[in-house]
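Listed next as structure tokens is one chain, alone, in the form predicted alone.
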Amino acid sequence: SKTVSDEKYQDPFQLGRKDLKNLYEDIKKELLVSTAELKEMCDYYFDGKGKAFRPMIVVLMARACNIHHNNSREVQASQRSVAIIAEMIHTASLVHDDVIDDANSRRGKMTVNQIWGERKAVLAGDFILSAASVALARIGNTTIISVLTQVIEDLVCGEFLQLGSKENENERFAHYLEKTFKKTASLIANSCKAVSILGCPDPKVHEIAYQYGKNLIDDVLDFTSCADHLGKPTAADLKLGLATGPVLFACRQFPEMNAMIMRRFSKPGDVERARKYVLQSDGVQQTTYLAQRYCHEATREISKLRPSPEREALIQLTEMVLVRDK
């Protein structure tokens, strides 16, 4: 029918734009602080140049759940707050990640730690988190508070998992997937769950929203989106001593990589050799298959909701995740 095909080609970013208008201005209002330097640091990443990928998913999920529940097309103020809080938590984690990784650039500009130094960067990340916590408390719903504070716990645990590694190959893969869930998927999964709780009383819908977000893993993209110019993220990750999907798959074909993984690619020549192994193996292809499995699962979950342009947009987002460049 005509309406279905019209719904099929909704650009997710167009569809969510109305609800995300002034998103970054609203975030900056949450970051009111007396110290000029701290204000400047906190505002630095909220320059409106990001794709606002996470808030976009959250507002689309909010509308999809509202439509499913009572055909309401409007996003509630509390649901929009969840989108703002999700972006604040995400950004605070980036500020802290850059300190841990000693990164010098992000989104095409210098990192907070490069400009202001590590100590101040840690404090800026803390401040953004505290502002997010205040905004979260203002929603005034204890269930939502516990759902979203889970994200902060997961981010910390995920970072700890990333700093460790496992001897056993099977354990190592489970470790990688758990780390990936905690560091990237938990934020989207729990934010989706939060807006579904605010919009619909049915626990089945909350589970659908959570499972959709959980399967929208974008960490595997570190490679899949760069299969052609594989070098960049691989080399960067390897230099940090991180064994990611393609490396772990390649290790099954080239067991000599095991020793390199265990010493976190610290010996001279490790990074180059590991890259060669990854390129000779089907690691990137296997990782792409893995990403596709997750995205199909996300689509299967969200398809349980009543049809709507927002639901279609969320399905389209799963496909965009597979090809998007970081």
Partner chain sequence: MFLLQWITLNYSEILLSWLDMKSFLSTLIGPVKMDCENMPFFFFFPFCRGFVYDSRNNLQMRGLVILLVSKAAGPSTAELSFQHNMVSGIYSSQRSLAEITELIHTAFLVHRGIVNIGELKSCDGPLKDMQFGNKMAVLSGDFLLANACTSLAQLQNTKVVELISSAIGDLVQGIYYENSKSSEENCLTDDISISRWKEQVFLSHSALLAKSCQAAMELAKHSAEIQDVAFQYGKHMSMSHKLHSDLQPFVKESSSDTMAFSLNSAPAVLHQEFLGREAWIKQIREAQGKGNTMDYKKLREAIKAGKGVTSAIDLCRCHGNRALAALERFPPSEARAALANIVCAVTRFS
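Numbering follows the first chain given and starts at 1. All values derive from a computational prediction rather than experimental measurement.
What follows is about the form predicted in complex with the partner chain, which we do not show.
Residues within 4.5 angstroms of the partner chain in the predicted bound form, judged by any non-hydrogen atom, belong to 141 to 149 and to none of the other stretches in 182 to 190, 141 to 149, 249 to 257, 204 to 212.
Residue contact with the partner chain in the predicted bound form: E171 places no heavy atom within 4.5 Å of it. Using a 4.5 angstroms limit between non-hydrogen atoms, V33 touches the partner chain in the predicted bound form. Taking non-hydrogen atoms only, L38 approaches the partner chain to within 4.5 angstroms in the predicted bound form. Within this chain, K120 lines the site of the partner chain in the predicted bound form, having a heavy atom no more than 4.5 Å away. Using a 4.5 Å cut-off to the partner chain in the predicted bound form, each of F127, V134 and L163 places a heavy atom inside that distance.
Although the partner chain is not shown here, in the predicted bound form the stretch 87 to 117 places heavy atoms of H96, V99, I100, D102, G117 within 4.5 Å of it, in sequence order.
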